[in-house]
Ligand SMILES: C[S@@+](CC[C@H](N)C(=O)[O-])C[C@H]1O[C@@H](n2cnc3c(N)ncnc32)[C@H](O)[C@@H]1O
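Let's start with one chain on its own, the form predicted on its own, as structure tokens.
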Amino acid sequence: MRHLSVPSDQTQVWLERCKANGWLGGSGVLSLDEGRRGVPLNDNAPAGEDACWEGLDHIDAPPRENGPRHWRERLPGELQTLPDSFWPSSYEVQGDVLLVKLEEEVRPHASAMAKAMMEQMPSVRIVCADEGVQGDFRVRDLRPIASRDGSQHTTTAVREHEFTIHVDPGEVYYSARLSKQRLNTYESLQGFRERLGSPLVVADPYAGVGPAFPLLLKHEGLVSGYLAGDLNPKAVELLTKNLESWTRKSPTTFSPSTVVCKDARTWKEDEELRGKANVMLVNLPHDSFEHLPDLFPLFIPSELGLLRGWAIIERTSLDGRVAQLEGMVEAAGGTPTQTFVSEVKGFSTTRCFVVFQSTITWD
């Protein structure tokens, strides 16, 4: 089959041009040597000597056959007769771990489904049934269905904002959906650092595996130190590993550089933690507002501080949340400004997930 050999960075240009002129073949684009791509051409395309090709070479090569577009097409024939609505409509991939929720009627076919998913997605190592959250740490109850290499663990690594984050969805909470919120946090802290005029000490008492930190730590001069922790020992283990990875080549010597495993409400009793932070991140959505009075003592007294957090609240209470937050700050001896509580997304028919923030002058 005839293909047009183009530089890889011009592939889309020529695909669109050939499609617009009715010259595009029905197979996929080929990967060629020396960073070039082969755009498939049909019989209507002009001869290779035509000036329209701008001197690009034509080659003959077998067409690239397009594989199945969906994992359902890889199921055994007798299962493909079932309607699409029978199968899970969504799933989540963390690193090389695929998580999928199964209805009862699907469970007898879980093994065939998992095999089809792994054939469709070569990067997936293990497929697990997500049985919902459990325990005090609200981590997922994962049941392995199929494994490419026989391993059963769910420890893996994800990429976010060009950083590697070690996670374990079977032991620790991590949400890729909050990636945009973490980027917004980074932007907020840049502005606050300029206002404060000096690098920041960031406290994150509900850090999990620490996804809020890599963007902050990479920006030289933004953060001078951190207080990070979680109540889940497995989370703290991965948090420690991640922080060591993110700071290993940093020109900054972070001080403090404290990682603890204990209830955030008791941090105020520890002299190494109390009165050390310029910035407080509070990501315990079901209890964030309730925990705030115990967290305010972590701020540096008589200095400007930034509070930023997330919560799940009743939508009917949204209008009154700014006043509530400002009242809590004032009760703790601070003066709040630039306070907001904004809906990020719906959580249920009556509840929503919000981000809140306040700049605080401590008296």
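What you see is a predicted model, and the numbers here were worked out from it, not measured in a lab. One-based numbering along the sequence shown.
Missing here is the form predicted together with the ligand; even so, the following discussion is about that form.
*Contact between L222 and the ligand in the predicted bound form at 4.5 Å, heavy atoms?*
Flag for L222 set to no.
*Taking heavy atoms only, is R159 within 4.5 angstroms of the ligand in the predicted bound form?*
Looking in the predicted bound form, residue contacts with the ligand do not include R159, since no heavy atom lies within 4.5 Å.
*Touches the ligand in the predicted bound form: P214 (any heavy atom, 4.5 Å)*: Taking the distances in the predicted bound form, the answer for P214 is no, it never comes within 4.5 Å of the ligand.
*Can R148 be called a contact residue for the ligand in the predicted bound form at 4.5 Å between heavy atoms?*
Contact check for R148: no, nothing within 4.5 Å of the ligand in the predicted bound form.
*Are all three of G309, E326 and T359 close to the ligand in the predicted bound form, meaning a heavy atom of each within 4.5 Å?*
Not one of the three qualifies.
*May I ask you to choose, among R177, K262, R107, R143, the residue with a heavy atom within 4.5 Å of the ligand in the predicted bound form?*
Result of the distance check: K262.
*Given that the ligand is left out here, which of Y186, Y173, Y91, F163 has a heavy atom within 4.5 Å of it in the predicted bound form?*
Result of the distance check: Y173.
_Per-stretch contact check against the ligand in the predicted bound form, the hit in 231 to 239, 148 to 156, 69 to 77, 117 to 125 (non-hydrogen atom, 4.5 angstroms)_ = Selected stretch: 231 to 239.
*Any residue of 275 to 305 that, in the predicted bound form, places a heavy atom within 4.5 Å of the ligand*: Stretch hits, in order: N283, L284, P285, H291.
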